[in-house]
Every structure is written in structure tokens, then in C-alpha cells.
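Before any questions on how it binds or moves, here is one chain, the form predicted alone, in C-alpha cells.
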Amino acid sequence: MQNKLHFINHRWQASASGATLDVLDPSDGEVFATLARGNAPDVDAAVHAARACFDGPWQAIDAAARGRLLMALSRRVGECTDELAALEQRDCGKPIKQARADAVALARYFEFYAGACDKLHGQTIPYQNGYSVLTWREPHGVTGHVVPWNYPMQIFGRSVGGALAAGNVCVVKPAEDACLSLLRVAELMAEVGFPPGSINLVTGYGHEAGDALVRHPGIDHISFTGSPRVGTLVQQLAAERHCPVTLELGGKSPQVVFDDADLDAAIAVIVNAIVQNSGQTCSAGSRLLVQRGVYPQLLQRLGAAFEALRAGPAADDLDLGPLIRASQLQRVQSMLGQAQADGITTAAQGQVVAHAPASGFYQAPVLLRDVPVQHRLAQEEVFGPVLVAMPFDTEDDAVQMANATAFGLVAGVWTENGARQFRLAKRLRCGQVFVNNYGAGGGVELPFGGVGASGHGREKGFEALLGFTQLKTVAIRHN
């Protein structure tokens, strides 16, 4: 059995309390590793190590040198793709193709931000005679990162990569369900030359280590990805000491299909957008809004696609792996049970393969039809492979239904009408709109974030660097 410790100041450290927690394989529910169970003293040690690095050796590394470090890390991650994917597969229950895609994306994030390090420019501002005024961007200092379990490598890359590129140093609290790949990445960062204290990982529970990180007065900026409920608590705690926060809090994202859409192109994308990572994706296309003229046809074709889907052990590399843990499976099954009790029709369902261990956390993909707009299944994030479909008549109906949740993360629009494409993109209340596609293949370069209950601030792309810096204005008066 593996025994994993905190990674602080380039050293493996046990928790100050000596406590540990178990790591379960979602494919069979068996314990295969233990983690250090961090708390406030461990977080404090990590923050102090980060501060010493920021005030010391980190200052000697200029922007171009940071870029070279990140590029070296990108190459090293690329060399370790298979190793990292294997860790992610067992830790998170991801089919190997998904785990490999996440490792490849991680390398790409570091590559992108390596090239951005020395491109973060200020401005000169025309002002009164006798003055020269300029601005420059400075790092916050020590940034705290709470990384969720659904895409640990990708979210580490977009969050920590951006923070480092902007000149910060980082303390990371990974989700207790998904730490192994990130601990290995931290080790790789030490190998390629990042100075001690520039990256620190404290493992443990959110209500212990995560809470301590958010409360710590030495954290200058917080990046949090998780639920709206916890995001609210993070904001409240950060506000007590005026600490800026970037929040990505999930979604209930609509796919809007008009009667002129190319259904052949849309169907595979719509299916993938809900079953990828077993539906455990903040930007999952979990609501399907279809114009009434093509509603029966599209549901029939989607039903056939759903019935062909198979869920099973991660090592089998099927369409879906297991959900992350028993409590998540129970939540999904409870919501499906409520749908059944409320008379909502199951249009189609995939299958869990017969040899899948009964102790694993498996949920077959489900397509529900004619779901009322205000029903819980159409309003709340299920975080499982459940797609809810509903018809609409007019463009105005579609917009009203699409915007009828508290969330506003992503939307997909399927239509060949160019004017309608732009109208919908403008009217939909969300942070990203994809027209005749969904997700744009990941899009490391594309700013990502939401509105409303989906959070605020942006990650990914160059825009993320702005959030990881603060603007300083310098006004010089000439004699």
C-alpha cells in the first residue's frame, strides 16, 4: 500500500498530527493508498515556506526564466504522460483515454503559460504636461488553490500554471479523493528546477486543510473550484481579510438545438458532453433544449446512442468509468428516484457491464424526456451521466428556458442560421457559448468561468493572468 505525504518546501512531510486518510479505487471501492491528513499546522508550514520562497529565491527568477521553468515542466509532464494517466485512472476511476487526455492537457497548460510569462505588459497613460504615467502588473504573492477531484490535473494546470506565470508562488489543497497525480507533478516541478517553496501541496479534507488554507492570513489570493455552497463560504471567509477570490462553481449548461441544426454533427457531441468523465464535469451539457419540430427525431436517435453506452472499470477503457465515491453515486440515484416518483419518463439508458465489481460506484447513463423547466433535475447539478431533455417552440422560448437556472457557465447552440447564432450568443447568460460544437476540444487558450451561481473571475487563456496579478499605477512628475 502506498503512503503519500504532504509536499512542502520540496520535502515529503507527514501531518503534524500524524493522522492519515484512506484512498479508495472507485472501480472496486477498495483502499489502495493512504494520504497525510492535513490541518492548520500543515497549512501554516506550507504558507511560510511559500512566503520565504517568494521573498527570497523567487525574486531572482525573472519572467523569461519562469517561462523556461514552465516549459521544462511541460516537457517533463509529457514524458510522464503514461505514469500520470495511470495514477489518475486508479485514483479517480477515469477510463485511460480520459486520463491520458488530462495529462496531455496538463502539459499544454504549462506550455501555454510558459510562453505567456514575459508577455504580461503594462501601459503608458497620456496625462498632464510634466507627468509620465505608467502601469505594471505585479503578482499577489502567495496564492492558495483548492483543486477538485473531477479534473485534478487539468485544473491544477490552468490554476497553478497561470499563477506561477504571473509571478506568484502556490499552496495547493487537492481534493482528498484525487491527490496522487498532483503529488507526482509537484515532484516533477522540483526535478526541473522550481525553487523550494514555490509549490506546496497539503492533502486532507476540505473542512480541515481547505478551511485552514482559506482562513490563513498569509494567503494573498484564493482560487477555488467546487460547489456553490462551499464557494459562498470561501468568499465569506476571504472577505473578512479582503482577500481576492476566483470562483468556478459548476453549471447546469444547456444544449440548444434548433430545427435547422445538423443532427448528424450534433448527436455525438451532445452524448459526449454529458458522459465524459461520467458526467462529473462542471461544464457538462446536462440540459437538452430541442425545437419541437425535431424533438421526436432527435430523442429517438439519442436514445439509440445512449443504449449503446457502457460503464465499467476504469481499466476497461469503456465509455464511462465509475463515479468518484459512494456518496456521489447515492446522490445521483436519489435524484433519479425522485424523477421516477414524479412521473418523468426515462427515454433511454445505457448499461453497466456485468463484470463490474458490485463494490464499485457505477451509474449507467440516463436520458430523461419532457422534464419540466423548474424540476430539480433541470435546476440542480447532478454531477452524473444524466441528460434531461425538453422541447421549445420559438427562439424566445429557448432563451428563456436556457437562462432559467441560477447557473451560467457554458451553453451550446446548434443552428445553421448565422444571424441566430449571434443573437443567441449575445442573449444567453453564461461565460462561454459554443456554436455547432461544445467545448472546442478543451481550449487551453479560451478564458473560462461563469456568472451567477457558476462563480466569477476567469481561468484559462491569457485572461487568467490578469486575475493572478494586481495593477499598480506609477505617476512621475518631471522638474
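What you see is a predicted model; the values in this text were computed from it and never measured. Quick note: we count residues from 1 along the sequence shown, nothing fancier.
The discussion below concerns the form predicted in complex with ligand NAD, not included here.
Taking 4.5 angstroms as the heavy atom distance cut-off, pick the stretch from 339-347, 379-387, 291-299, 238-246 that is near ligand NAD in the predicted complex.
Selected stretch: 379-387.
Although the partner isn't part of this model, could you tell me whether residue 408 comes within 4.5 Å of ligand NAD in the predicted complex, counting any heavy atom of the residue?
Output for residue 408 is no: heavy atoms all beyond 4.5 Å of ligand NAD.
Do residue 403 and ligand NAD come within 4.5 Å of each other in the predicted complex, heavy atoms counted?
So residue 403 does not count as contacting ligand NAD.
In the predicted complex, residue 227 touching ligand NAD (heavy atom, 4.5 Å):
Because a heavy atom of residue 227 falls inside 4.5 Å of ligand NAD in the predicted complex, the answer is yes.
So in the predicted complex, does residue 285 come within 4.5 Å of ligand NAD, heavy atom to heavy atom?
No, residue 285 sits far enough from ligand NAD in the predicted complex that none of its heavy atoms falls within 4.5 Å.
Counting only heavy atoms and a 4.5 Å cut-off, does ligand NAD in the predicted complex sit next to every one of 176, 250 and 448?
Every listed residue reaches ligand NAD in the predicted complex, so yes.
Ligand NAD isn't shown here, but in the predicted complex which of 84, 234, 257, 270 has a heavy atom within 4.5 Å of it?
Residue within 4.5 Å of the partner: 234.
Residue (of 100, 216, 325, 369) lying close to ligand NAD in the predicted complex, criterion heavy atoms within 4.5 Å:
Looking at the other structure, the residue within range turns out to be 325.
Quick one: which residues from 136-165 get a non-hydrogen atom within 4.5 Å of ligand NAD in the predicted complex?
Contacting residues: 146, 147, 148, 149, 150, 155, 158.
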